[in-house]
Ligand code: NAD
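Quick setup: one chain, the form predicted on its own, written in structure tokens, and binding and motion questions come after.
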């Protein structure tokens, strides 16, 4: 029987996920939506033959909703995830799981008390073919132990609503989770460097930024976050091992030779670059619920990312190396 999905938040990403569930994913369809923009959400509900709920809480409580997707405004994520746990319903929450590590810890505690993994966090990098191949090469130790990672997260432009802390909170957070997953190691320290700024930034955004992370075994990671690079959406991850280097390639399917040049296209935005990863993410999420065994990023992963994010913010503000300490991981997540 197909799973009935309720979606809280019908902005850009919410609408994309609704289309994804209804048009691409087997075994699920959207039966309910909720959003503070009532007119838009009601119109959408009519278009997809779903029920509109005034509040996310009403949607979660509905017997016509079996599983929940949270794509609402970031500060509302925590309360909706906690509500879904209270009702014993599986919930997919776009990042961030909560706006700070304390909020993520409250979700972890609630889930541990419930005694069952119900939460999956939308860290879709784990479903990208390039990252999956990197992980396989690292785990098989084909080139020996990983020693260093050189990474970049570049966006073509950022508007004036994008502020300095968002380089970590909204952008670098993807690498913070994906690299921890790749290496299967926690971080022990973070440093932030604020280099010379691009002329394309504005007074409330220091751009670019450099993040340096160290893992438990001493692996060194440097991550360039540059959100006004002008030339495209460019994601890099080069893993330097003892006898070789493994790196991501842009998933371009054609190249062009013209006017004395040989070049390949760069993705213009994150939707284009990771569309297949998003599709695969939801396909596996639904399948894992059907088998009763969640396999994706957990609430604990969301918490670990938030603790790291907090440390990065402190390192940026103080200019000093900041230690990262996680409590003992609960048995539920091992």
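Being a predicted model, the structure only gives us computed values, none of them experimental. Positions refer to the first chain, counted from 1.
Another form exists, predicted together with the ligand; not displayed. Remarks below refer to it.
The ligand in the model of the complex comes within 4.5 Å of no heavy atom belonging to residue 78. Residue contact check for residue 103: none of its heavy atoms lie within 4.5 Å of the ligand in the model of the complex.
Of the heavy atoms in residue 135, none are within 4.5 Å of the ligand in the model of the complex.
In the model of the complex, residue 124 approaches the ligand with a heavy atom inside 4.5 Å. Exactly one listed residue, out of 215, 191, 201, 71, brings a non-hydrogen atom to within 4.5 Å of the ligand in the model of the complex: 71. Site annotation in the model of the complex: the residue of 284, 51, 48, 36 reaching within 4.5 Å of the ligand with a heavy atom is 36. In plain terms, the part of the chain that comes close to the ligand in the model of the complex, with a heavy atom within 4.5 Å, is 79-87 out of 111-119, 257-265, 183-191, 79-87.
Residues from 1-19 that approach the ligand in the model of the complex with a non-hydrogen atom closer than or equal to 4.5 Å are 8, 9, 10, 11, 12, 13, 14, in the order they occur in the chain.
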